[in-house]
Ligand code: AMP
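Only one chain is included here, represented as structure tokens and corresponding to the form predicted on its own.
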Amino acid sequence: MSDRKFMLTDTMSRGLKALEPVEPGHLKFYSCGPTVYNLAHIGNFRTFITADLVVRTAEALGWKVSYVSNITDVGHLTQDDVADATGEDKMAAALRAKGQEFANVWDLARFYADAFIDDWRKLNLREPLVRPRATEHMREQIQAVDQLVKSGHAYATPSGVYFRLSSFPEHGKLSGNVDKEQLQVGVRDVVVDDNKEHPGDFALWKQDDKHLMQWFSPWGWGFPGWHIECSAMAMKYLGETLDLHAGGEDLVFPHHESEIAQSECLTGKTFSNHWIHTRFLVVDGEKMSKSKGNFYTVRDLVEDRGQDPIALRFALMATPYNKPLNFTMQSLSDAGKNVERFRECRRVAESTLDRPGSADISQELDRIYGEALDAMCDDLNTSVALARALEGTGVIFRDQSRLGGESSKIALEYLDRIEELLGICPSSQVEERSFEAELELDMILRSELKAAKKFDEADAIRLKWLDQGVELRDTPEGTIWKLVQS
């Protein structure tokens, strides 16, 4: 295991800080995923790439990484960046806009969740250890709310359950929003509740007959608040204290601030020891907007415009996460040229494997890789890391006439190490990982079908994989798979 320090800007302390797992060499990391009411845009994916680079850098240091990134498939309101959002539920609005395309909001959520995972794979993002969905963790959320009510940190009204802001004096420590009188009213409120004790008390559970998704709870039929979802899922899979929590800068308040309050009141412990947030992306110097024609999803660029998804990944990580990124089609074109340079470098190395060679490039490539890793450990300095990675291709091209045998293997090993660290020059080994990614998706879908009592469709998935030599087994802990002998 490397003795390098992994330094990251910490939102809580407002400065650079070493990432130090509580369990040495084992990073427990949670990154907020999307709300699946539409296709995720490239600004969203810039944030997900930041999380991916954290995972890759930690693994390059020899750490074990337990990485969890959720899917919010319950939906929240059209205005969710204030303390108490008002407006129509995003997923309900999306369902209405799509007309007859989806039978119900559940189908809409499943479609966009699947689309999101497909885009995730196109951009060569590491699969999380767990990708929990809010709708599959309702029990944990209800139990958390119930515990907060019983401990006095929350209270029920005729239309919901709210977190009692006065019970957590440290509220505001992440965002700096410490003036409680200036906070606007709760989160995910369809109707402002006059029975709230304080305007800033945020919703943990809501009752609203118009909401399209409903679950039974001790407070009647309703649905969870936005924030309790992530707290419940993060703690279920990673424990009461995380090493690192990540998301976009728009989530600092109210989402992450509220996560801290409810989680620390539940456990009496620090919720996360380190927080990082990715800065916003603009397009051609302006905020993305459909009316301006500069709003891009991965599918817009990859499927409709034929752009290389790895080039898109390169462009989205060219500027370090802690600085705003100005995305342009020119920057995407430049990224494509760099990605092609890596591919050509791999072709050169592979084509010279069977011939004798005299190039001595081992020490030079080791040094360059070490400098790239040093840059990633320095607050994910991708601009320097990418420059160093490209420097290595220059070494390989410089000596390509003398490559062969062992030196060609060293060149390929360098490219593989850069791929593992930065994800910009995938090989056939990377593509093979899609088997497990597809299997994971089908296991999730099968679980949903069984819950909906669509047993024939669920069994069709089991038989599909059995034909491919994979047996799915249901256990008390969930579905597992194993290869079967033919």
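Note that this is a predicted model, so its numbers are computed, not measured. For every residue, the number given is its place in the sequence shown, counted from 1.
In what follows, reference is made to the form predicted together with this ligand, a form of this protein that is not presented.
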{"query": "Interface stretch in the model of the complex with this ligand - options 447 to 455, 30 to 38, 59 to 67, 417 to 425, non-hydrogen atom within 4.5 Å", "finding": "30 to 38"}
{"query": "Heavy atom of D250 within 4.5 Å of this ligand in the model of the complex", "finding": "yes"}
{"query": "Contact flag, R347 vs this ligand in the model of the complex, heavy atom cut 4.5 Å", "finding": "no"}
{"query": "Partner proximity in the model of the complex: F102 to this ligand, non-hydrogen atom cutoff 4.5 Å", "finding": "no"}
{"query": "This ligand contact in the model of the complex: R402, any heavy atom under 4.5 Å", "finding": "no"}
{"query": "Selected contact from L281, I142, I117, L174, since only one has a non-hydrogen atom within 4.5 angstroms of this ligand in the model of the complex", "finding": "L281"}
{"query": "Interface residue in the model of the complex among K290, R96, K269, K323, criterion: non-hydrogen atom within 4.5 angstroms of this ligand", "finding": "K290"}
